[in-house]
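Shown next as structure tokens: one chain only, the form predicted on its own.
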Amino acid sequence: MNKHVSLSVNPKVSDWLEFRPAGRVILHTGKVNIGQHITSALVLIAAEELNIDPNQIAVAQTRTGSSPNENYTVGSQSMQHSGYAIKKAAATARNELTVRAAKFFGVSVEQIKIEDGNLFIEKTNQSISYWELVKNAPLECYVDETVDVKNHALHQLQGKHHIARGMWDIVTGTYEFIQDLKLPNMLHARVIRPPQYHAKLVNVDEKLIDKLAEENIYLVRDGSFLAVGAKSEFAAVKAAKRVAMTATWQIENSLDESDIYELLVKNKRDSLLVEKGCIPNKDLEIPPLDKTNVQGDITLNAIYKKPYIMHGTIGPSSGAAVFDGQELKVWTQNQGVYPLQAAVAEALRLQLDDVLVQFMPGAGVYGHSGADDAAFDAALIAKHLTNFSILLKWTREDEHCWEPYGSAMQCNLQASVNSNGEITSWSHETFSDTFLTRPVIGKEPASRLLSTHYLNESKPWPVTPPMLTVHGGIHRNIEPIYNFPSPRLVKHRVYDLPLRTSALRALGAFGNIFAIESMMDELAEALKLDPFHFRLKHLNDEQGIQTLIRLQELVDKDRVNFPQEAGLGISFARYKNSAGYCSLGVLLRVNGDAEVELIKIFCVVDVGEVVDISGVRSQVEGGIVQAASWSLYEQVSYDATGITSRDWDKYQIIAFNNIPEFCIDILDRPGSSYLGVGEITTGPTAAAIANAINNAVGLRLRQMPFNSEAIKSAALLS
């Protein structure tokens, strides 16, 4: 039996590859393209192994029932999951078809050559194609994980620059997103939201309901869930505003306005010691923090903070659905069609097989955004308005106020270093809300959908226990990759915090790496040591060492061009201590208004074997820009009545005028394993920016965002 996570559930070649007439291959994957261009890489893998042109391969849209069940597209694992599975499936197919061709020609396997999907005997005119060989005998064999894949020295496609699939359609405006769907007998829908989480619908004006009916506008009310549907989108928008103006709500609880960082350390929590390997253990006693200071050691204490941040999708979440009384079809931009299928079926009391969920591209974000909730909103309305197709779009206010945010975090660090520049003790405690309330099969997934909490038969808000998996949510990357003696690592899963939270790109790694790499710089500064040398002194990982050395080479080569007032900060991490490596340098200045101006980013990554180098580069750049935006600008604001950062004016993100120059070096390792790239730059970016600000103006910022107010406050306190 296959042990690989994707192949154990989808073990046959036909689960991944489908040979169609006219020389076409259909590629199936459970991973979805949400802006990271994973489909481009998967096509290159299959084309390379099959020796065919990538243009002969089409990728089927991911949907329940026909696509491999690969759970979610998360954790920078698409290449390790789908990439590995498709490579092995394609290699197995190539071997099986070679055997069939040899049998057809009556020759040995060694005599068969392959070119452009044709199998032939060299120096003869005898040939047969893949498609002829499978015409009457489909490939139903199991994927052989021991099969030899193509030698990397023979690669013709991988590791080279390619234009991403669909990019031409995107830049010319012909690409179809979920917001562009046009379905038969379709209604545009909008949800009328409560003022805040803890509100109950009291009344809707009956006269308005009658008036809307006269205008062929449909009102759906189920408990405190309110929505309208209309033939035109503008009519739906206007109707939603009219209903919102007349609806009355009862506020049952106010949001706690107390300082979030005080709540993080004071509220009820589960505290777990994190053992070697980054595994929380609920059965171990947490040792007290050693306050003693060994003679000659320098001990530093620091608290690092990040606020609530949002996914910030530029195009608000959308979903579509149609229900014929028996089967429910749902279109979604979410990252896991099978978990959403389970959640919707449970919530609407339908049989699992009667719910079909189809992925369709939307605005790209990473994590548990509003996409699942928007899809369920559409499904719920479709169930009430049978035989209408429903296209539902969240508003900007919906997106800013109702999506699950990335949790606020606080990291308390204490570290000691001796006169030889060796770290002698390390303690790291992280306080955070959960990073996992997205639907999970088998764990009451319906309760993870926003609107289920407002129905007549409402679901309770989920309270998730601490994740105990290796490098799980809060404790992801809490364990330093450096060689420290017996680090004391503690995870605090805090409860009863004011805002809804879930997965956002990199989970706890963003805050944890920011804290670790800031402390590494603070220790180096206290000892007056070079930050490169200090990190290398504590690093045994050879690939990590190579990325840091290469970063130093890039930085040193360009130092002569640095503006006099600029500051340089560096950082390093290996995502989850098992995935891709990232060494990062940020060159910036702080202007007269105390605003950070990014000048140049130096970045060296090692993600194992590189398939699509253009895709890797875009992921590195995109990850840095997003993390820079979090670090410098982003913060969800709220008061007792609800979310106040309801639009882009109140929730600032990075703009084009602060996008730096990039110098990116990708260390390709042909023949090695895929390590993943999507989330490797997030934590190092925040730390490198903080370190660069300190280098530029001598101010140590430990709380994000590092905006002008934060810099001015730090200057007043210095």
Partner chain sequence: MKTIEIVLNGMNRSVSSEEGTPLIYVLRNDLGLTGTKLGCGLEQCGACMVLVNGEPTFSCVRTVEEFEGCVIETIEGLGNPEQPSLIQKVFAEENAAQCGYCTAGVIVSISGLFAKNPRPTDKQVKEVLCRHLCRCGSHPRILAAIEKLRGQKLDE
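Small disclaimer: the values here were computed from a predicted structure and weren't measured. Numbering follows the first chain given and starts at 1.
There is also a form predicted in complex with its partner chain; it is not shown, and the following applies to it.
Per the 4.5 Å heavy atom criterion, its partner chain in the model of the complex is contacted by stretch 640 to 648, the sole one of 640 to 648, 200 to 208, 572 to 580, 349 to 357. Contact with its partner chain in the model of the complex, judged by any heavy atom within 4.5 Å, is made by just one of I298, V99, V470, I314: I314. Proximity to its partner chain in the model of the complex, taken as a non-hydrogen atom within 4.5 angstroms, holds for one residue of R617, H384, K600, K150, which is R617. Looking at G362, you'd find a heavy atom of it within 4.5 angstroms of its partner chain in the model of the complex. Among residues of the shown chain, N456 is not one whose heavy atoms approach its partner chain to within 4.5 Å in the model of the complex. Using a 4.5 angstroms limit between non-hydrogen atoms, Y308 is distant from its partner chain in the model of the complex.
When contacts are judged by a 4.5 Å heavy atom cut-off, K393 counts as touching its partner chain in the model of the complex. With respect to its partner chain in the model of the complex, the three residues H162, H188 and F656 uniformly fall within 4.5 angstroms at the level of their nearest heavy atom.
Contacts with its partner chain in the model of the complex, taken as any heavy atom within 4.5 Å, map within 234 to 253 to F234, V237, K238.
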